[in-house]
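Same protein, same chain, two forms; see structure 1 and structure 2 below, as structure tokens.
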Structure 1
Amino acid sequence: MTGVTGVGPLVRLAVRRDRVLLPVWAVLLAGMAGLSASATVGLYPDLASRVQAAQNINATSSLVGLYGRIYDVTALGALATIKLGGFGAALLGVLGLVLIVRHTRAEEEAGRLELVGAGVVGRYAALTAALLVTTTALVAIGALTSGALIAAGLPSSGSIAFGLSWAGTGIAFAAVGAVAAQMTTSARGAIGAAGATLGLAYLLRGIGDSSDPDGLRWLSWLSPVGWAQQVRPYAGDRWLLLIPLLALAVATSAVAYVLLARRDLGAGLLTDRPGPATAPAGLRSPLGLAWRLHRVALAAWLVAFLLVGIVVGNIASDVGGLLNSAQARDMILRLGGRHGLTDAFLAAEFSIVGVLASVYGVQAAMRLRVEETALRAEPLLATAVSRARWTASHTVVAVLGTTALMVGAGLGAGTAYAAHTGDSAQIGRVLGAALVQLPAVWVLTGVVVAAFGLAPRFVAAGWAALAIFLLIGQLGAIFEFPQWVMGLSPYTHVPRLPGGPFGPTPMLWLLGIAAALTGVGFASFRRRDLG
């Protein structure tokens, strides 16, 4: 038996497990690229408006930091893909590392690789199969994206370079995920470590890109995401820069194989440090436990929301000069409030931030079902803990967690904006604009809790509701859906602050609906079987 015996069956198993996940990601990513490219093509019909827009972006350091630089201001493709280049590449990186960990460390942690190991499968088979499947999937997504960009009317050479730079970044971070999977003993830990590496790489290129050429600009060259952007699709197509990405992927994968050879099945190179032999005083209630289970993830989300807030506040400060195209101005005005472009921009951004907070809320509330199916609710509910008290624990974390996130984003944006304008009153105004999103966010957590009580097998209804509400918001404005359809989405009832009119009635309605859904969830969970 050689080290890779059994790769074939493992590849088939992985493909079978991912047969829904992968096509969905592929269509989402390629679709997002194609749609946003064709939207840009429509938004800047002539060369002059295009150059103007590109120059504005390059002059706005917060935007350059967030997305990257446009290396040819006359190139439509470079402008159209500015938001996708670095950010989309990072998304592929996330997909790559999650896929690898899912098929290696997660399986090992669940004890399924032990079964595999006992059979006729070689030591390196699982890692090899995971790398094969992930690499193939990422290349396919890159190719699909190239096709979507070409179909959107962009030049083919640049589109292919773009697709390859995406796939390359994904593969490089898949390899990083493979190394992380050898180090830690938990899948969560591996994804966290590899994800943090990706975040650092993104941050490095952000600082580098937005710095002076003779200043810290070199930092971008330390980042694989920076290399992907230096391929400069549509603005030179520097194919050779794909080589460092691939070299990194190969070298890092080799490291993963070496580490794998040196460790035991189930073990990591970083062993878990021993923890306390007795529980801290705070761990004496379901809520104390829920806090313990959520706190690390919540802290990470909170940091991200603070950063997003600061970026939004910075961009808002010079958004006036940014959108010089008449169409863009017109669109923002139509979408937003009537008190100026900046307010409209902030309102639009906070509605997106509100959706992101809903993602956290849905996921945190879904922990109820995760704990139940993992059989970890049973030992708790066999103690003197009532069902209501246990349900409340994760619900409270979801509700207070989303509140903390919106406060973080609001304070970040508010202080950044106030610092630019020298007007400290803006902090409260901007924070208010963030907080009004919360009732809509809680409707979503309410949907999850209600589904958990009524039809636990369908708690994913939370994600479905989020997707539908999002689509209503996005497509409704374009296709002019009838009012009652628009009204189905809680997000359409959120006041457009700052600047827009504010009436408490819709907020109270949303709060009432959220409370009712949550109450239904509590009551029906009390009545149903566990399991």
Structure 2
Amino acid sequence: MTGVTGVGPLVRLAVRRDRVLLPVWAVLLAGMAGLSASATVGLYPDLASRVQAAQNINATSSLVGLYGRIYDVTALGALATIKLGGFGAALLGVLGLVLIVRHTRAEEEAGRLELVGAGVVGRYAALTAALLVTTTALVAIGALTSGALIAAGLPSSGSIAFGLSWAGTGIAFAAVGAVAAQMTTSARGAIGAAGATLGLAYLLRGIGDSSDPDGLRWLSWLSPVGWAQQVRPYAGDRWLLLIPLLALAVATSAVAYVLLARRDLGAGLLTDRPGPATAPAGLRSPLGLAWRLHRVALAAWLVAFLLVGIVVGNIASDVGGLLNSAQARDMILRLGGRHGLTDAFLAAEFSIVGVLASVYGVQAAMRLRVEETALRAEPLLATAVSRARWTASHTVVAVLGTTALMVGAGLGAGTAYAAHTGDSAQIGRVLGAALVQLPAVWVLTGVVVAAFGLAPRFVAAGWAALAIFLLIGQLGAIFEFPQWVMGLSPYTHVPRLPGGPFGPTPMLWLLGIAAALTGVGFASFRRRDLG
């Protein structure tokens, strides 16, 4: 037996476990890229309009910091993929590190890897299988994305370079996740460490791209996300810059193998600190325990949302100069809002922020299933803690957590916008535009809670619902989907504030649906067996 004995069966097991997750991500990412490119082709039909739009983007430092720079203002593909270049590459990085941790440290933490390792399985088999599955999945997503962009009418060479830059970034951060899985003793800690590394890389890229040429522009070259954007799809196709991404992935994966050989099963190279002998008062209730489990992740999300809000508020103050072409004005007005370009821009951006808040809500609610399968729920429920009280603890954190995220984004955007306009009344107005997204966000949380109670094996239906609603809600208006299709997405019923009409009826319906789904989950969990 060698160190990689048993890789084949572990690969098949990983593929079976991800048979829903991976197709959803692939369709969502490739579909978003293709549909976004198709919309841009129609919005900028001539060279003059795309040059003007590209120059306006490059002249707005907050946009450059968020998305990156357009290196060829005449290239339609460069303009069509500007929002997808750095941000999409970061999403692939998140997917890569989550997949690696899911099939290594998470399995080890749950005790399943110890059972598998007791058979004819080598020491390096689990890590090797995880790397193979993750790399294959990311390459496949990159290929699908290239195909979607080519189908949208963009040049083949640039589309292939774009797909490879996406895949390369994801593979590089998957290797970072492999190293984090060896350092920590929990999947949550590994994802947090690898995610923080990804966040730092994105921040360095943003600072570098938005700096003057004689300033801190060099910081972009310290970031793998920056390397991916420097491939410059549709603006030169610098294929050689894919090599640093590949080299980083290979070197970091090698480090992960070395670290794996130096630690015991179940242990991490960074040991956990011993806790106090007596639990504090905050841990003497299910809600206190749920808060303890979620607080680090929620804090990281809250900081990110606050920063996103500040960027959105800064961009909103310059949106009049940015959107001075009739096609771009039409796009923003169709995405949201009716009274003024700035209000329309804020409404459109908050609809996207609401979707991102739903990601946290789904993730937080799915912690119910994680605690159950890890056998940590059973000891709690063996005490005087009722099933409804335990379920409510994580549900409350998910609901209040999404509320905190939207408050952070709204305050960040409102404060930044008010600072530019000198009108402090804009803070409350913009905050209200953020808060109206919450009923739709809570519907997604309710979907997860309902699935947890009714069919816990399919709790990942929350991700599938999010992908479907995202495609309908964000792209339906552009492609003129039938009204009944648009109505399937809760995001379609959210008032387009600020600037649009507000009616309480859709909000009440969304709240009622969210409450009904949550109630179904609570009632069903009371009647089913654990596990």
Partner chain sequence: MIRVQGLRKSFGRTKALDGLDLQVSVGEVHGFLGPNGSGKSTTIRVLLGLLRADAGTVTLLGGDPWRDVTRLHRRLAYVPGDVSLWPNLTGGEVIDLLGRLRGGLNPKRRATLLERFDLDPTKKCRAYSKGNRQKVALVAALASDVELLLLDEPTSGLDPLMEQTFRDCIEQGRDDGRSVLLSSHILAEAEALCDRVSIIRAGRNVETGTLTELRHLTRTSISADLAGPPNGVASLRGIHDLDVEGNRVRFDVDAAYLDEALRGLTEVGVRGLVSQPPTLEQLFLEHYGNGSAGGRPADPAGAAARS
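Bear in mind that the values here come from a model prediction, so they are computed numbers and not experimental data. Residues are numbered by position in structure 1's sequence, first residue being 1. Rigid core: the largest C-alpha set superposing within 1.5 Å between the two forms.
> Would you indicate whether the form predicted alone is structure 1 or structure 2?
Of the two, structure 2 is the form predicted alone.
> Please determine whether the C-alpha atom of F350 is displaced by 2 Å or more between structures 1 and 2 following superposition on the rigid core.
F350 C-alpha, core-superposed: shift of 2 Å or more.
> Aligning on the rigid core, do we see the C-alpha of A523 shift 2 angstroms or more between structures 1 and 2?
Comparing the forms between structures 1 and 2, which are aligned on their rigid core, A523 does shift its C-alpha by 2 Å or more.
> Is R188 among the residues whose Cα moves by 2 Å or more between structures 1 and 2 after superposition of the rigid core?
No, because once the rigid core is superposed, the C-alpha of R188 moves less than 2 Å between structures 1 and 2.
> Fitting the two forms on their rigid core, what distance in Å separates the Cα positions of L454 between structures 1 and 2?
Comparing between structures 1 and 2 after core fitting, L454 shifts 8.6 Å at its C-alpha.
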